[in-house]
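Shown next are two forms of a single protein chain, provided one at a time as structure tokens under the names structure 1 and structure 2.
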Structure 1
Amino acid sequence: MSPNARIVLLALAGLVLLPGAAAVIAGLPAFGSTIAQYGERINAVAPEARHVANMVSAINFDLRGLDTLGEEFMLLAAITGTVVLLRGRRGEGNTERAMRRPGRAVIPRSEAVVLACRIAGPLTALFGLYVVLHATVTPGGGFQGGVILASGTLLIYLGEGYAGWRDAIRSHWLDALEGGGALLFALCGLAPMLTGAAFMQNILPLGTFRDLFSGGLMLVENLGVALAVTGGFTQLFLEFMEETREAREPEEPGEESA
């Protein structure tokens, strides 16, 4: 598709979506108006019905879990599209050598940076796990914790360089995390139907209020989100990092056979 055709298609899509977007914006509550009725209802029902203290998790993983499932696959589609576009343009033949801009000095990594990253990396990963595990107890959850875990992997690059980063980060592992997490979330909706329950209806013990393992099926859904977000965002970091590498030089004719 030519660039002009893409612009025309984008303009047509915008014209189609604009009336709907305008209608939604016009229907929003006025700035500063109170919309506490919905929140008060959630606060009154969710703690007793789901034994969770974090109402945001109750909404995301239970009361409006189907919406979250859609968002999960939107993230999966966005990351898949980004990977396909970047890999399709540059190919798979990159080297470990970084591209150099003529006249730009290459500053060596200092020992202070290496030490700071080696200290902060494990602490960042530990904090990310904490945020994931306490999804039903305190503010946070699989998405927030997954982003923190993915951000922590960048400290490997900053501290150890590209070679150390690629030794620790494997693309096929990230694919498995991202796709497996989205699949796990979808199975949390389908599995209850096998027992005769409704889609995404809780079929696990709810646990004790304010306990780490409270919430029943929400814990499994939260794990799926954490896996998908960690794998997906790290995959994005990896693809953008690959854009900075030199392309592998084509082999001379007859060199492969030799």
Structure 2
Amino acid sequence: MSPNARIVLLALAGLVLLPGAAAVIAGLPAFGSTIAQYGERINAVAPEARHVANMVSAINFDLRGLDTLGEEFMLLAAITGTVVLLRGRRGEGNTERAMRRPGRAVIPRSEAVVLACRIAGPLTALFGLYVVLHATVTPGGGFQGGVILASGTLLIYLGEGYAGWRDAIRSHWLDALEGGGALLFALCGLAPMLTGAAFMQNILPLGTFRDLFSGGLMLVENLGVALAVTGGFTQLFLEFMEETREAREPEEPGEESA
């Protein structure tokens, strides 16, 4: 289809859909006037019923925990697909060593960069852990903290170079983190059923409100999500970085002396 035909088709579709969209927007409640009853009820009930201060975590890990389980496996499937597609072409055997980009000089890093990364890296990891652990108390949780932790590992690459990064990050540890996190979340759903409770029912002691240990089963689920997100996102970085390196071609051995 030619580009012009596509634009015409898009414009036609837009014209058809525009009255419907306008009607829907006009029918929405005025911005900022009211919120949905469901959210209102959760705000009113959940601090008392679950002893947690963070309502978003209460929804993600308890009230709508089943949906998060689905999301967790969507994450797992997307990352598995990415890894399979990238590794499928490159081969499993090459993931163990740091491959070198042929023909590109290794530029030494300035000491300022190394020092900044060595200071910022642990601090970022600490901040990520803080965000993960305080999921039920203050803004944060496994998803947000996991992404911060995964980003922190990139500072190793920035400071220590690619080979140092590959030494610190082991690919199958990441596989284990990611799969283990998803498994932990699924087990959190199944374990209460052993005691005769419902799927993902919060059977652990709920702890005290506004305390680090509050929310019961939510803490374990949160940990599972944090593991899965940390492992998954680091795995994504790793696979994409590996993609920029070319596999050593066996027929031209003189190439790799860069």
Partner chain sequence: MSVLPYAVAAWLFGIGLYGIATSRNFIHLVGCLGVCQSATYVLLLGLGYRWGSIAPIFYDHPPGTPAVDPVMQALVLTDIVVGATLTALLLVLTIQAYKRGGSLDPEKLRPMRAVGQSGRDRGSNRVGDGERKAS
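No experiment lies behind these values; they were computed from the predicted model shown. Only the largest set of C-alpha atoms that superpose within 1.5 Å between the two forms is called the rigid core. One-based numbering along structure 1's sequence throughout.
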Structure that is the form predicted together with the partner chain (1 or 2)
2
Determine, after fitting the two forms on their core, whether G196 shows a C-alpha shift of 2 Å or more between structure 1 and structure 2.
no
May I ask for the C-alpha shift of A13 between structure 1 and structure 2, in Å, based on superposition of the rigid core?
17.9
